[in-house]
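As structure tokens, one chain now follows by itself in the form predicted alone.
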């Protein structure tokens, strides 16, 4: 997908002191990059007699292929299934912001929609290589509307379809041209589905089985017709049964074409799939497991109501549900309350409590990778390949994506030992940093704002090797030590006040990575010869917990926090660094800590 950039005169980058994922193993080798591709150093030495133009010490970190997300419905307020006037700008925004989660390529996913939405949206999302603008678009994933009514999940029932007499022409009439389409999810038990599967695979489009009540025999027949993928295994399909395991049985079926590898998506967000189910799937068929986020537009925002295609969803903590109808703000409803015990739960015009039907995830890819590693006990290499190599193999891109072999695209992610993203590269240049003072890049972070739930999110807008090269710092990221990471609500807005100027500051905490981001105005943030806040500390209010967070102009926050912070329930203790006086205890937000 990448143009010929590897001219002999291009600069050569050598990444040293790193562990690179290659051939299923983490190897203590250097990574060489030129012209946007991985370079073979032996050819460089012996044929061109050249050395690196620039060396970058990675500090012992892991270099893995960039993550590939083949099922993402939107994020950061952007809904791919909404027919807006400028669809491309929304896709571009998501492409930029998933870089900080290690994603270098993705398949924008559309959920079940009316034909007019497909006709307007699909032509506006072309295949596009990644670069400074953001992650690459590999093609669209169309999930529905040719799926089961019984297992529709969060897909609106009114727009579901079955195949008519001329099935493939019916599909074309629904979707429009398929030039930008890479994956189609359908239910194989629908009449005439097999002729559609054959027609799609003949065009190079991956067919995935999902939102289905198909038994194992129907699923096996679909694989013989050309299907190669299973959409979010275990979710929206018949549960495993010992006499007929359904679609799940494809993982160990002996009736599949010789040499055919069945891939299956897993949402490892801690909500959609129990850890035991993750372990069962991985141990049964590890080489076919593909991690997907199934992220919805609420990714990166917060609690409240958001859209997913033609429906509303309610986000509560780490879970998103199909929303019920809102209560009447003018008083009680005139109609009687709903007396029906819905099974399965679904949105009801008489219900105001919402439903318990899951509607996608709000976990980014790096979180899914870490949860999958913890839940399955697999190797680090296996967890990383499930988010990189396996989706590339699914799409037939394993020569250029999902690998750090010589000649592959130089799309990779830098990770620490706990698999937190430190930097993301596409074609060689760094496009996203982590804000960790110990790392060798600095990033200016910007945050989207949800009108109902304002929140600051760790997202890169530009990167410079040194802090004073950035045009203007507006945020500061601080990583908390392990013992202080509990008790934070995901995406919680933290009410802050600076200690010296007394102005309001917004903050956001990631409970997984332990990173707190504080957002300042340029006047409040700029101080002295070195970009540093004028304040010496801030109080963070999170319900029953108060935390005093000292900020140091030396930028060595991570090391000093371990020495100077203690947090207890309902009170705060601040142990100052050497040379600073200790303020009084139990400060309230807005009181000085100088």
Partner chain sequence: MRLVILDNYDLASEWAAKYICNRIIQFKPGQDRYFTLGLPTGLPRNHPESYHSYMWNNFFKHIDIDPNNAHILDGNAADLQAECDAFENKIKEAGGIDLFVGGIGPDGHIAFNEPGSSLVSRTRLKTLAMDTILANAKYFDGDLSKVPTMALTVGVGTVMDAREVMILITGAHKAFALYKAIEEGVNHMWTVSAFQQHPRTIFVCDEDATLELRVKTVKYFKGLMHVHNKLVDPLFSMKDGN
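Residue numbers count along the first chain shown, from 1. Computed from a predicted model, the values in this text were never measured in an experiment.
Form predicted together with the partner chain: not shown, discussed below.
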Inset, instruction - Using the partner position in the model of the complex, report whether residue 42 sits within 4.5 Å of the partner chain, counting heavy atoms only. - result: yes
Legend entry - Any non-hydrogen atom of residue 57 within 4.5 angstroms of the partner chain in the model of the complex: no
Legend entry - Proximity of residue 47 to the partner chain in the model of the complex, heavy atoms at 4.5 Å: yes
